[in-house]
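Before any questions on binding or motion, here is one chain by itself as structure tokens, the form predicted on its own.
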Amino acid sequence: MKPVCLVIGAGAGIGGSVGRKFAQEGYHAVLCRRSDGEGLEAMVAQIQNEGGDATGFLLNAAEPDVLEDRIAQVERDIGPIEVVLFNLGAQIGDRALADTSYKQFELGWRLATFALFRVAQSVLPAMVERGHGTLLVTSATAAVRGNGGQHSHAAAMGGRRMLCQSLNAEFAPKNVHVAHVLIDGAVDAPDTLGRMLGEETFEKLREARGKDKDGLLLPEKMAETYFHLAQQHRSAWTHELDLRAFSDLAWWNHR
């Protein structure tokens, strides 16, 4: 039975690329996403055509019990979850305070922070019992810097970062590796950044900064870092790192 890499938020960018990388390295990739069943099936088929093992599920992480039930089903029917990538986005868009409803603000927290708490509570005890495991958490610049119009996103991502620190404090001594991966730049991902910007604007950005210019973060290259984190020896674990393209200014240097 192969070890399982469970990806919560398996879009065509980071999540799908990380799942594919782990499958190439001998894991069974379990890919979960909210929508686009055809896209999910295509990712699973690609991994299988390359000789890897993968399974896909549609799920809405904001719904009660969905995450908990899926984790239990994977453990029961597919195999022990050795690595979890929590890759859910929580961006509701650029909104002034007066234009941010209670429901919208809360949605950011439910996706970014509460869903991570639910995943951790469902999977980490089993990792402790088995004596090892890894929880990789994708985060964003908003976790360390709040900008105007980002009230929900910054509060939610800041909460995600602090939750990761608390999880690390409790579970690292129990041989479970918790890593917070701060994405400090634009990712060349059509179903995240592309959807936010629109197809035409996204393609213009790719022409100006992406492709052979390497000015956008490439998901397949990012996946190599995620895999490295999961293989680190515990004498030199990384808890937090940031990723950005070589030409980007780091978050702490922005005006």
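Sequential numbering from 1, following the sequence displayed. What you see is a predicted model, and the numbers here were worked out from it, not measured in a lab.
Although not depicted, the form predicted in complex with another copy of the chain is the subject of the following passage.
request  = For the three residues F105, R118 and N168, verify that every one has a non-hydrogen atom within 4.5 Å of another copy of the chain in the predicted complex; reply yes or no.
outcome  = Yes, all three are in contact.
inquiry  = Counting any non-hydrogen atom inside 4.5 Å, which residue from M43, M222, C32, A230 sits next to another copy of the chain in the predicted complex?
reply    = By the 4.5 Å heavy-atom cutoff, the listed residue in contact is M222.
ask   = Can E38 be called a contact residue for another copy of the chain in the predicted complex at 4.5 Å between heavy atoms?
value = Close contact is absent here: in the predicted complex, E38 is far from another copy of the chain, nothing within 4.5 Å, heavy atoms only.
inquiry  = Although the partner isn't part of this model, could you tell me whether A72 comes within 4.5 Å of another copy of the chain in the predicted complex, counting any heavy atom of the residue?
reply    = Flag for A72 set to no.
ask   = Going by a heavy atom distance of 4.5 Å, is A126 a contact of another copy of the chain in the predicted complex?
value = Flag for A126 set to no.
Contact flag, D212 vs another copy of the chain in the predicted complex, heavy atom cut 4.5 Å = Yes.
request  = Sequence order please: the residues of 225 to 241 with a heavy atom within 4.5 Å of another copy of the chain in the predicted complex.
outcome  = Going through 225 to 241 in order - heavy atoms within 4.5 Å of another copy of the chain in the predicted complex - the hits are T225, H228, Q232, H233, R234, S235, A236, W237, T238, H239, E240, L241.
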